[in-house]
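Quick setup: one chain, the form predicted alone, written in structure tokens, and binding and motion questions come after.
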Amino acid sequence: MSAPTIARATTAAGVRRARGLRRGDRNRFLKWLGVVLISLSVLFPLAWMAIAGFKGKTEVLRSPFQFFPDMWDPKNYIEIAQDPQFARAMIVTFIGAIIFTALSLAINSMAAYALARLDFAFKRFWWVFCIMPMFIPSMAILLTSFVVVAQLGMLDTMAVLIIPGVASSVQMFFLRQFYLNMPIAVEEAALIDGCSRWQIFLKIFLPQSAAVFVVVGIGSYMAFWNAYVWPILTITNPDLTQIMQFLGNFRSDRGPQWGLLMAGSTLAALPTIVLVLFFQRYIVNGVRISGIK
């Protein structure tokens, strides 16, 4: 091959390499641009809510729109934090969320293990029966659920907020997918060594379920913390008022104090935000190992 031919081939290869690099840089730029835009669209409402808590009564809905307040005044946060009704609603909701989460993890994990690993009569029927609620909108059974808890005398109790939603078909499905992916050889070795099914569940499956438990647990916690319609229907006792119920009734109870409402909403959102940020690594890992694509 002559020198001019080699030079032309080298030049063409260099041009193709340069085009590939430019194309890769352009793709990376578009990817990061999309990440930035999505992040801004998610964070903007939260930032506006938090900043609106520092505004006066007339500044929040001012026209034309103004993102930052004229004067940063924390009085709304101080006032709402010192409100005994707000503090009680936060504490009661937090305690209920912890109990609800613990019961959800216990019940749904045991059900998922039985449906994934045990053989029993009509197993396929019971699996379909357990996941059927996934396809039924909660609003469609809201009235009948209210009638049931009313006849059981559960209204205005913490039990009415916790018990009806503890068993979750979504969480059973999620945990079952994880248990199906665990190696059968470990379970068979434990059976040979004389372990019962209960011991296998407690000593082998539960220790391996930390990451997926974080995902299920946070889902349960957020479902209880953010519940609004069900507490509105079933709770009239002020001592059991939930935080979203308190915020939902804020305007009708206290008038259009938008700055105070934004401060209360920000404080109500903080526990969930901190929880998700703290466990974010476990959330990603739990989704990955559970086989949910």
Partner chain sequence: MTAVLPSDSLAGQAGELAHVASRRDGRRSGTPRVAKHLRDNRTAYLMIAPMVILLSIFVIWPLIYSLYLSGFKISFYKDPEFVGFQFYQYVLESPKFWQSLGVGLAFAAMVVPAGMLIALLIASFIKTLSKRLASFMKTTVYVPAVVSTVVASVLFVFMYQDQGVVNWFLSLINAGPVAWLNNPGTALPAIAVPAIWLGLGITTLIMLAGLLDIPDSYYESAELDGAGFVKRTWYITIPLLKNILLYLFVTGFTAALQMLDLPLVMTNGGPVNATTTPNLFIFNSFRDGTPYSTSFSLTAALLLFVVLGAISVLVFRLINSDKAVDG
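The term rigid core refers to the maximal set of C-alpha atoms that superpose within 1.5 Å between the two forms. Residue numbers count along the first chain shown, from 1. Remember, predicted model here, so these are calculated numbers, not experimental data.
Heads up, the form predicted in complex with the partner chain isn't pictured, but that's what we're talking about next.
Within this chain, Lys31 lines the site of the partner chain in the predicted bound form, having a heavy atom no more than 4.5 Å away. Although the partner is absent here, Ser39 lies within 4.5 Å of the partner chain in the predicted bound form, judged by heavy atoms.
The closest non-hydrogen atom of Gln151 lies within 4.5 Å of the partner chain in the predicted bound form. A residue is said to contact a partner when one of its heavy atoms sits within 4.5 Å of a partner heavy atom; Ser169 meets this definition for the partner chain in the predicted bound form.
Scanning Ile78, Met134, Ile98, Ala210 against the partner chain in the predicted bound form with a 4.5 Å heavy atom cut-off leaves one residue, Met134.
Contact annotation: of the candidates Val186, Leu142, Ala102, Met71, the single residue with a non-hydrogen atom within 4.5 angstroms of the partner chain in the predicted bound form is Leu142. Applying a 4.5 Å heavy atom cutoff to the partner chain in the predicted bound form picks out Trp48, Met49, Ala52, Val60, Leu61, Arg62, Ser63, Phe65, Phe67 from 48 to 78, in order along the sequence. Positional change of Tyr228 between this form and the one not shown stays under 2 Å at the C-alpha, relative to the superposed core.
Superposition on the rigid core between this form and the one not shown places the CA atom of Gly56 2 Å or more away from its counterpart. The two forms, fitted on the rigid core, differ between this form and the one not shown by 2 Å or more at the CA of Gln66.
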